[in-house]
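Given next, in structure tokens, is a single chain: the form predicted on its own.
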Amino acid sequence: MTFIHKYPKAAKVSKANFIVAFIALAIGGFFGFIQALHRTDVFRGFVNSGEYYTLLTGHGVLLALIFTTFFIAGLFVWGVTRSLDREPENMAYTWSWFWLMVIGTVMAAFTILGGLVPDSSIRAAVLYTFYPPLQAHPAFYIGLAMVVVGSWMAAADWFWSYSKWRDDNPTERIPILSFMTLFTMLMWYVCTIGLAIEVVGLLIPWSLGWVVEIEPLLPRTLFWFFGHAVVYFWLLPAYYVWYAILPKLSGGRLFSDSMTRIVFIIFLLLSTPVGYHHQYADAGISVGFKFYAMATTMMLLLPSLMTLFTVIASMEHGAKQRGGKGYFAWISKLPWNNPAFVGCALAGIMFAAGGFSGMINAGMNINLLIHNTIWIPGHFHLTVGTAVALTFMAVTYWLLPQLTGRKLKFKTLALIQPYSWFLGMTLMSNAMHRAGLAGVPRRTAEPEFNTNAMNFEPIFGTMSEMKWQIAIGGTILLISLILFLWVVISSWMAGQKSEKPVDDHIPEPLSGVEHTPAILDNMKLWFALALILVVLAYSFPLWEMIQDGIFSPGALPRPS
């Protein structure tokens, strides 16, 4: 029986979340295309340079915060429901967190788009990072706070289902899909503590005029308390797909249940204490704490490498079930004509490249070479823009028949889409990384590719060639996005209804849960350890920042 027939209530919630996610993806993606042409000076007729920052904010918020959060909510509703074999416990509660997030999204989007209306006082051109001194309309901060509160309620919904399931199954191990969901949301609870304090305690009172001055370093630090861990909030659902679904798409089975659980536990422990590596250039934070952040960031390479090994081993097993042989020849036996598999596999390859540039970002010394250059958005587009976004788009091709009961249409276009996304992002991110090494800044609307005022010396290639790579890459990405939306909307609205159940079976791991130590399921233990590591990383520096007054911008924090 297909998911929509067995769990109709959950299917409706998943689909509602996906609809909001894809609307955000469409608008945010179009803004990105305009930015690529404007910034490179290829075509500057859509907006002026002042409005560019409104689009930049919309691109970041709609894609990095809204598209991801709603897609993850839809994915986790599907995963928790099928792995625990139960519908959500109370549909009124479930719909309440969904609509709270929708209302918050509309409020935030309304303030961003207000920047495109001449003489409008409702604006939010504060970029994705939105910390002072840039200030937005209060509705922007309140709207985003509602999205975060809604996500907390969604997590509570899934813990509620787990609690009821546990009552009925006191001796069972946590099913792997639910395990990955719950540990991702535990990490989300930890990292959003900083964001909640920043937005509710500082930014909303400041934007409402209740507070005239604000210390910039404190909200900036609280943002990065959240700002790097949120990357793992986006990545762990991609890992979720790579661990649980990609092996099945490959024709095989997950290599190891215990390895999967260990990876998610390490991310829970280490995701939040690493935020200072975004503040290496900030005075007012002790070098020792920056070194602590660098060390923990480098330790996060371990679960990434474990994932690389486990996923490739799972894919190799699948290929060899299909007749593959040898050390590398088995790769040709993978289903390269399946858009869901292709998208996930190419996203994983791009994530490996993003991991390499991430090591540069994490190093205290070498970070200074690329800090605040266009290298940073180049890295961001490899990880979030491809590893996460392409995985989400690819798994949609697999989930859509389960959620709608309709067959996928235009399979050839669906197959072209992940290849074209990979090509477009390769061109754009490659040029961004090299331009960053030449010193080209980020967060500016101006072309600055060897104009009369600015001259850069590229290490490899020419500035003109990089400019065109970014513009062409951005254009290919827009075409790929249109292909994705066309396939999804057509299939959703007019796909042929299937009477046969969709093959959504996920086989058991090669090394199953019977080989997994029980302590790995102890959520209270790992959550407590995660909180202790956060206290060690942040308590003393935050105390240094607030001891001279939270709202005292004239008193710069002193390095100890």
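For clarity, every value in this text was computed on a predicted model and none was experimentally measured. Numbering starts at 1 and runs along the sequence shown.
Not pictured, yet referred to below: the form predicted together with a small molecule.
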{"item": "Heavy atom distance at most 4.5 Å to the small molecule in the predicted bound form, all of 33, 64 and 128", "value": "yes"}
{"item": "Residue 442 within 4.5 Å of the small molecule in the predicted bound form, heavy atoms", "value": "yes"}
{"item": "is_contact(residue 381, the small molecule) in the predicted bound form, heavy atom dist at most 4.5 Å", "value": "yes"}
{"item": "The small molecule contact in the predicted bound form: residue 56, any heavy atom under 4.5 Å", "value": "yes"}
{"item": "Partner proximity in the predicted bound form: residue 29 to the small molecule, non-hydrogen atom cutoff 4.5 Å", "value": "yes"}
{"item": "Listed residue (143, 339, 474, 150) with a non-hydrogen atom within 4.5 angstroms of the small molecule in the predicted bound form", "value": "474"}
{"item": "Listed residue that, although the small molecule is not shown, lies within 4.5 Å of it in the predicted bound form (heavy atoms), from 249, 432, 72, 101", "value": "432"}
{"item": "Per-stretch contact check against the small molecule in the predicted bound form, the hit in 175-183, 477-485, 261-269, 297-305 (non-hydrogen atom, 4.5 angstroms)", "value": "477-485"}
